[in-house]
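For reference, the chain that follows is the form predicted alone, supplied as structure tokens.
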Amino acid sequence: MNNIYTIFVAAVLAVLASSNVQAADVQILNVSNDPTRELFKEINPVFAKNWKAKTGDTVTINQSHAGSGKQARSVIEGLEADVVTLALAYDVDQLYQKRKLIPEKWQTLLPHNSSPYLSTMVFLVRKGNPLGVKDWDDLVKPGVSIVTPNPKTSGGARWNFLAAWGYALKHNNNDEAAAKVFVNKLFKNAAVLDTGARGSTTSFVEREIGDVLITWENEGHLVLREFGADKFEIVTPSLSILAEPPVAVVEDYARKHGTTEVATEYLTFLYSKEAQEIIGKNFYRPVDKDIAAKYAKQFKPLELINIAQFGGWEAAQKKFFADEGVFDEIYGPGK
């Protein structure tokens, strides 16, 4: 009888242990930049469903959104993100540089330098394009009011700045002095510098500030979808910059939370056909060649420069956006 009882108890304990494993509830925090709200709102439940089918676990992905630079600083200061999905590599690099929260070679851990989607910067104008805006040189004309985020807090704003700088170099025989004058005029026409891209969209669309919004390509398309193509239109400049928003597991925090596996799988999922379809539907440029070809018609052709032409993000940040850099020279206190 004792043997039967022992076997029965052992069996019950085994079932309970198995049930506990299968019934796990897991939460991860994705600290992201401004324009990805709608993208991850669609991706997260699909990943959660797949993860449930694969492991039996229920995973909840919590989101935090703000300007990319601001978000990076928040994580460095203690916001315990399991993953970050930010606007540019420099902001993710800071998690290693300042706190060693991630590996130094984090960009090698996922395909395409850990960028599962791409974008560029375009203009949004009011329907009919009253000022006839066609390219960057139209934004520096007297009386044109533009809206762009602040490069000190927004990754999108830094892409905007570099796109304008690249255009100015091309049209001024690579004369940096002329480029500085051009970008100075551009920012003198800025009606407001919000902290992030979504704040700038709100200023332009809902508060009706400015004539032109310089914004992410996907953000422009989202405005057309949400507010109507009868109210706004996208102007694609002749030249812009290839934006490569990166992602990374914040390994230090993920280990602490016991979420390394699910956090890694979450970011890996972004490269799947299923997620790449969602990426294309949300007007980002997929990195999967087949999916990218499927959605190519929704993007107008243009010349794209890239961050390598500025020596990489570390060099660009130091030259243009660090304290007393070019941006401070043209837009700092007293300017």
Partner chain sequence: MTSITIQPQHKDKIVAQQQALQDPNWVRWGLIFIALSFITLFICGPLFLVIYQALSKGLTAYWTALSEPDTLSAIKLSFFVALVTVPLNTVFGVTAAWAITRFDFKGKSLLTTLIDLPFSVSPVISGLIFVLLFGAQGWFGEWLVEHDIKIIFAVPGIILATLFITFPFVARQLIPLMQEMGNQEEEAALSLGASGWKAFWAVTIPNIKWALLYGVLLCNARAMGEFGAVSVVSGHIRGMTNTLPLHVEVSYNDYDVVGAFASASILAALAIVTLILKTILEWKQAKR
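Residue numbers count along the first chain shown, from 1. All figures in this text were calculated on a predicted structure; none of them were measured in a lab.
Beyond what is shown, the protein has a form predicted in complex with its partner chain; the following relates to that form.
**Q** With a 4.5 Å heavy atom cut-off, would you call residue 171 a contact of its partner chain in the predicted bound form?
**A** Residue 171: no, not in contact with its partner chain in the predicted bound form.
**Q** Look up in the predicted bound form whether residue 37 has a non-hydrogen atom within 4.5 angstroms of its partner chain, and give yes or no.
**A** Within the cut-off, so yes.
**Q** Would residue 256 sit within 4.5 Å of its partner chain in the predicted bound form, counting heavy atoms only?
**A** Looking in the predicted bound form, residue contacts with its partner chain include residue 256, since a heavy atom lies within 4.5 Å.
**Q** So in the predicted bound form, does residue 113 come within 4.5 Å of its partner chain, heavy atom to heavy atom?
**A** Residue-level check for residue 113: no, no contact with its partner chain.
**Q** Taking 4.5 Å between heavy atoms as the contact cutoff, choose which of 223, 162, 248, 122 touches its partner chain in the predicted bound form.
**A** By the 4.5 Å criterion, the partner-contacting residue is 223.
**Q** Just one of 74, 184, 264, 236 has a heavy atom within 4.5 Å of its partner chain in the predicted bound form. Which one?
**A** Filtering the options by heavy-atom distance leaves 74.
**Q** Since the chain is shown here on its own, which stretch among 201-209, 113-121, 239-247, 132-140 would lie within 4.5 Å of its partner chain in the predicted bound form, judged by heavy atoms?
**A** In the other structure, the partner sits against 201-209.
**Q** Listed by sequence position, which residues of 56-85 have a non-hydrogen atom within 4.5 angstroms of its partner chain in the predicted bound form?
**A** Result: 62, 63, 64, 65, 70, 73, 74, 76, 77, 78, 79, 80.
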